[in-house]
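Consider the single chain below, provided in structure tokens and representing the form predicted alone.
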């Protein structure tokens, strides 16, 4: 005894299944959004200075050489965690000064070596860029991008 699948039964299965998976899609989308807003991003730290620093980053096309969170050209070092690497968690002012000094000291003038262009950024722009990189370092990337173990 086999049952015959009627058109109305097939239609009900199709619409019911579509509605079920669409509801799952919406739930997962909401969960991802809430996770990003509440847990992985420092939304409280989004200041005007951070926003201006991101504009400095974009205007000077820093992503043409650097990566941030694994996105970019990979010609120069990842900067999404540069603030952490330069002891920004224990000495935020020192790390910020280190970033500013690094930017001011470029290019090194060494022939045959990769060099960072000199962008002639003002002190305000350097402060804003450092604030943006500090904010980026506080983002919970869950270990992304992966690093080679030493």
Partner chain sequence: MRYESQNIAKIYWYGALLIFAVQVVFGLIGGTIYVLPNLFPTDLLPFNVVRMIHTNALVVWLLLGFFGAAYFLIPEEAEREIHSPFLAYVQFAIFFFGALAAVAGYLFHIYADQARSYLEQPLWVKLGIIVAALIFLFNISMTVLQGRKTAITNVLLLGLWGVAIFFLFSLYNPANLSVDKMFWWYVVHLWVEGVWELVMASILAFIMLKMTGVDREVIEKWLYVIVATTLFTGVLGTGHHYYWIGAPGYWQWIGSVFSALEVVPFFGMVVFTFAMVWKGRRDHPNKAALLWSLGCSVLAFFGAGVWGFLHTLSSVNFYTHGTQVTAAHGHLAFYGAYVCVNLAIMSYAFPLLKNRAPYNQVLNMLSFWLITSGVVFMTVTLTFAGVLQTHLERVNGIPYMDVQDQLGFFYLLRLGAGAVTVVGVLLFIYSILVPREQEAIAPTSLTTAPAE
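Remember, predicted model here, so these are calculated numbers, not experimental data. Numbering follows the first chain given and starts at 1. Only the largest set of C-alpha atoms that superpose within 1.5 Å between the two forms is called the rigid core.
Only in words, not in the display: the form predicted together with the partner chain, which the text now covers.
- A residue is said to contact a partner when one of its heavy atoms sits within 4.5 Å of a partner heavy atom; residue 87 fails this definition for the partner chain in the model of the complex, lying far away.
- Of the heavy atoms in residue 67, some are within 4.5 Å of the partner chain in the model of the complex.
- Contact annotation for residue 91: none of its heavy atoms lies within 4.5 Å of the partner chain in the model of the complex.
- Within 4.5 Å of some heavy atom of the partner chain in the model of the complex lies at least one heavy atom of residue 117.
- With contact defined as any non-hydrogen atom lying within 4.5 angstroms of the partner chain in the model of the complex, the contacting residues in 11-31 are 11, 13, 14, 15, 17, 18, 21, 22, 24, 25, 26, 28, 29, 31, given in sequence order.
- Shown in the overlay between the shown form and the other one, fitted on the rigid core, is a CA shift at residue 140 smaller than 2 Å.
- Taking the rigid core as fixed, one finds a CA shift for residue 93 smaller than 2 Å between the shown form and the other one.
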